[in-house]
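Starting off, we have a lone chain in the form predicted on its own, written out as structure tokens.
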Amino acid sequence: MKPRLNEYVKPWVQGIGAYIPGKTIEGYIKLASNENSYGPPPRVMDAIERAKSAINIYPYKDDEVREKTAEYCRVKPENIILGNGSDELFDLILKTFRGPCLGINPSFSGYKIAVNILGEDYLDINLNDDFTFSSEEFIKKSKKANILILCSPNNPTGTVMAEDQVKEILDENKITIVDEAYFEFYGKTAVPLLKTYDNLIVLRTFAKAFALAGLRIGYGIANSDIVDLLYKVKPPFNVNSLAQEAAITALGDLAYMKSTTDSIVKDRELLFEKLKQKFRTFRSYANFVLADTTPMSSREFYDRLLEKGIIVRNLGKFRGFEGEYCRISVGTTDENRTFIRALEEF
């Protein structure tokens, strides 16, 4: 007899829209998921090759990764917690602290999904028409929330929040998350504010600038009391041994990371200028550029590039905003040239 699933499913789960990742097709240029197309340094690949002989042993280098990461962030190891991607760290925060949660629209869709999975309420405010951030509107609505979610640079807009705006929000004394997944492409961070604000949690990842997306490793930076609480709900061995080894080695070769991020930032400006000639395009401080493809539909924009072997992210319409949108990740210089040639044929 088949189980009557609906009798056992948590009532709020049925209404959740699952996360759909960017498409990957072998042989195509993928500019859809904000990955670093240059890949990690050769030293990382060598380290993984050496480490694979010990995959029968549980991961044991958590402390070493925390020490190296703390040195990179100029904090103490007790201020660092590692996660299976920063997505897991966001989930740990939701498990530790009570909602409701307040975010911005548009922003990373994974926030709302993670909040809804736990049966919590997710509130948001719209960004301005040009996708800049209004701290005043956010603070007004923050009275109804306990966890505040900021993303700077913001995915998918590439826009950022001023430090004074972040301070205004931290002054509300709510648990405040600042997602800095794209920090290395921007260069400014909220981390120094940890000296003043005990309610701040900064999330970062090795997936973007460090090109370790396939190994799923991220980290959180917070005061030690918050880190200790998060460790209470963290699963054991949540970061695998190959990811640990790769992170340690990548942090030992910052010059390589800097060289690839410099190339991406330089090409980001070129993509922005080329897209701006044909579409309403938004200045980005991340490793992607957002364009309103109107009067072309975002689906047509996506399909025409797909025919040429290029995959971008079709985002469609944003709730509360005019236009249709596609996000284009910045690839290698050669990939970007191929995209520009295809764009010029539109």
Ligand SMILES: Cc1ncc(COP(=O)(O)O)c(C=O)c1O
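In this text the structure is predicted, and so the values were computed from the model without any measurement. The first residue of the shown sequence is 1; numbering continues from there.
Another form, the form predicted in complex with this ligand, is not on view; read the next lines as being about it.
None of 168-176, 256-264, 207-215, 230-238 except one has non-hydrogen atoms within 4.5 angstroms of this ligand in the predicted bound form; the exception is 207-215.
The three residues Ser86, Asn155 and Tyr182 all sit with a heavy atom within 4.5 Å of this ligand in the predicted bound form. Taking the partner from the other structure, this ligand in the predicted bound form has a heavy atom within 4.5 Å of a heavy atom of Tyr111. In the predicted bound form, this ligand lies within 4.5 Å of some heavy atom of Cys151.
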